[in-house]
Every structure is written in C-alpha cells, then in structure tokens.
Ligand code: ADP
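Next up: just one chain, as structure tokens, the form predicted on its own.
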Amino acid sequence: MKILFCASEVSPFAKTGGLADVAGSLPGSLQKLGCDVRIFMPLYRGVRNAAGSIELLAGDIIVPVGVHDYHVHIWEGRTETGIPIYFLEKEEFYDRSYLYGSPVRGDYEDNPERFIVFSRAVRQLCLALDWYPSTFHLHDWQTGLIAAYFQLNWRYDSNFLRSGTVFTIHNIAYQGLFPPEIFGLTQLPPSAFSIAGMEFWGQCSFLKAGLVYSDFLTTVSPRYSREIQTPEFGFGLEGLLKERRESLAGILNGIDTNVWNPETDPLIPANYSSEDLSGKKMCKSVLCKELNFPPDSLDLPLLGMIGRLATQKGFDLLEKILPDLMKLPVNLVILGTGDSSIEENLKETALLFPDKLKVLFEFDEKLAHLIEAGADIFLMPSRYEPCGLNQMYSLRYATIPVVHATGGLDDSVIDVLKEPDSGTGFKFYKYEPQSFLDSVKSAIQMFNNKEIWMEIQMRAMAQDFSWDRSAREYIKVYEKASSRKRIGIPRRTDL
C-alpha cells in the first residue's frame, strides 16, 4: 500500500497545532505495518534548518494558477525514521516567518494562491518520482483542492486509476473561505463552483472541496465525527457531513510514545513508571521550586493547564471559576499564549494570588514536559476539542485529567465518578462554570485518598494511545478509499 501524506505542516519541520503532530507521527506507524509512506509539504523558511540535508528532486516545474505560470522546485529529505519527505519550494509564497499569517496583520492575503500551487504540484511530484500512491491522505482545508483536482482531472490519468483520496478534518472551524473570484485561479470546471461542489454561501471553501470530492472522510476522534453532523459543531457543513456519514469515520489520534514517555523522557528531572512513581514526586518538587510556590505546596494538589489561551479551550469557564478555585487548597500553573484579553485577566488574578497561581505566557517544550510530569491534575475544559493530545500525555504521566465531555476528550478519558473501577479521569457534561468547578472539587477530594488516587494513576498509565492502534484503523480506511467506484463526474482531459 502506497500512501502520500499531503499536509501544510509536519512536525518537527513546521508546526502550529495538532495537525503537524499527526502528519509527523502517523507515517512512522504505517511504515512499521508495511506501508510505503511518503510526505509532501511546503518548504517554509524555518524548514531548512529542521530538515537537515536535502537534495533537489525536480527543478523549474511549471504550475498554472489563473493566468500565471509559477515556477517551483521540489526537494527531497528524510524524517528521523527514514520516511521520504518532499518539500515544495516557492520563495515568494513560503519563505516567511509564519505559516498562514502574522499575529499583527492576520491571514496572508495570498493564501489561496499559496495552497492552489501546493495542491496542483502534487501530481507533478508523483510524475517526477514515477511513483503513484494507492491513497492520497489529505489534511485540513489547505489540501482540500487536491481532492477536487484528483476527482475532476487526475483520475483520468492511467497512472492514478487505482488511487483514492482520504481527507482528514482536524478542526472544522477552519474552512479556507475565500471570495468567489478566487475560483477562477483554481482552473477547475465551472460545475465545481456550485452547492454540489466547493461553493459555500457565495464563497469558495477549500475545506468543502475536500469534503465533497474525497472518497473517504475521517476526523480525529469518534465523538467528534458525530458532533460535526450537528448544527452546534458543524459550522454550516453538518448537512453535507450527514449525507456523507457512510463515508465518514472517527479515528482517535495517537501520541508519540517515544517522546512522551515518563520512563525515558530526557526533559524531566526524574523518570518514573507505574511500578515506581517516586520520580513523579521529584518532578513535582522541581516544578514547585522553579515556579516559586511556597514550601508547603508539595502537600497540595497541583493543577496544570497547557495550551492556546482561547475560549475554545475553555478559558472563559476558567476565568469565571478562578476566584472560587483560589479559595480551595490547590495551586495552579498555566502555560500558553493567545487572546490578549485572557492573558490580561489571568495576569491580574495571578497578582492577587501570587502564592497559588503562576501563569507563563510562552511556549517552552521542556516546561511543558515538566508540567505534565509534575502536576497532579490536568485541566482541559475545552468548549469543543476534535481530539486533544494533552489529556493523553497527562494520562501517560499519571497526571489525572479533568475534561469537558466533548470530542476526543470524551473518547479518551473514562469518568471515575461513573465508572469507579475503570475510571481514568473526571468529566463534566454541561459547559458551564459550576459543572467545571464541581468536577475539579471531585478530583481534589479523590486526590486526598492516596490509595484510590494511586489506583486511578495506574489505570491511566496503562491506557494505549500509541499510533500503532490508530494506524491499523487508517489502513482499513485506505483500503476502502482506493477500492471505491467513482461514477457520475464528467470526464476531464486537460490534466
């Protein structure tokens, strides 16, 4: 089975979110299962240093966009696990400080052209390699047009007769919406700009192109695959997703168990396992000392939060319960950046409770690992969460999560209060401050019963969130996608 991953970001080469983690980790597990996996992504400014030694595969390739012919180059490198990865070079489009836009000016105005070029270059890559995948695995709106080009153009090329497309929705809120005049740049047939195609309320939706034209759709958790078929979470696309529900699967993301492993993690001061948790106490001690918590803090439950400071991540709930939370016998550390108003509110609260609340407006990989290892309880009150990774890291590090029962959080955490013999964390089911606070209080109460708490920790650490489990599910999807009959689409000859 030949799989080509097409993604706008791949860890560790370029990353803004969980998409990069999936595109960087899943291929390795697929390779172990015997797949011939390769990856294609843009050559951003920061990629050259991360990629190490790369060689020119094909130069001066012409990619038409509207009335322009762009000249691009494709470079070849290898991931740490030896997987071939190809980088699309076009300096005027990708040689920038940020991937999709700047924090000050917002999204880049030429994002449509940037990802039309990337999408059209996929076929040129296959021709240059003389290698044709059985499945194109596409990720989020930046690659949605690849599905349209494949179904409307490329599938009539004899090289792609046995190929199929799988499109993964990492977060349906990001849809790649652009003005209607952008459609002309795609050079797709006029029928593609319709309700049955990529038109969405008068605009071009690159995400919708992926949803309409891909053979099979996946999301990053089973619960999220159901949620996006509802008005609350579908962002206007719930009707289409309901129509395609027979071709939609939810597969829970995995985590890199080599990077996130408390037994071998080089970024924490002491390693530990489910057989010996003493190292976790050492991690908590070091964390409390680094954050200047009072000496008696070691006896109190330490709560941790890591992530983007946004209402989607539940920080609106946190702000409302913080005054009551600070009255409890707990300490809290928050690591992340995001909304300036949330930052300001947290900063003001931290000044009021300097011995109980520490907020660090940055992202520090080493500190993130230390918080996962040193905290006792991890808070993830997200309004919605397609998958989430930190709750999985927390479970692996015996840091018990408190989560809103949504998306991947609901799929990956078993509620202790509902299933005391198998529970691994605490859930609240109504997205409201009091429900969140009550769930945190339940976790604190359970923390004080050391025997029960250790049982929960043991169960948490025993959970399997490796990519190997997810990879087997993806292979089933690939087989379905590459074997589907494609009918009813007018033949195109201008490949």
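Throughout, we count residues from 1 along the sequence that is shown. Keep in mind it's a predicted model, so treat the numbers as computed, not measured.
One more form of this protein, predicted in complex with this ligand, exists but is not displayed; see below.
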Heavy atom of residue 344 within 4.5 Å of this ligand in the predicted complex: no
Exercise: residue 185 in contact with this ligand in the predicted complex, heavy atom 4.5 Å: no
Non-hydrogen atom contact residue 273 with this ligand in the predicted complex at 4.5 angstroms: no
Residue 423: touches this ligand in the predicted complex, heavy atom cutoff 4.5 angstroms: no
Which of 308-316, 263-271, 116-124, 176-184 sits within 4.5 Å of this ligand in the predicted complex, heavy atom basis: 308-316
Check all three, 19, 364 and 393, heavy atom within 4.5 Å of this ligand in the predicted complex: yes
Contacting member of 330, 335, 416, 322, with respect to this ligand in the predicted complex [4.5 Å, heavy atom]: 335
Single option in 88, 380, 302, 357 placed near this ligand in the predicted complex, where near means a heavy atom within 4.5 Å: 380
Partner contacts in the predicted complex for 373-391 (non-hydrogen atom within 4.5 angstroms of this ligand): 380, 385, 388, 389, 390
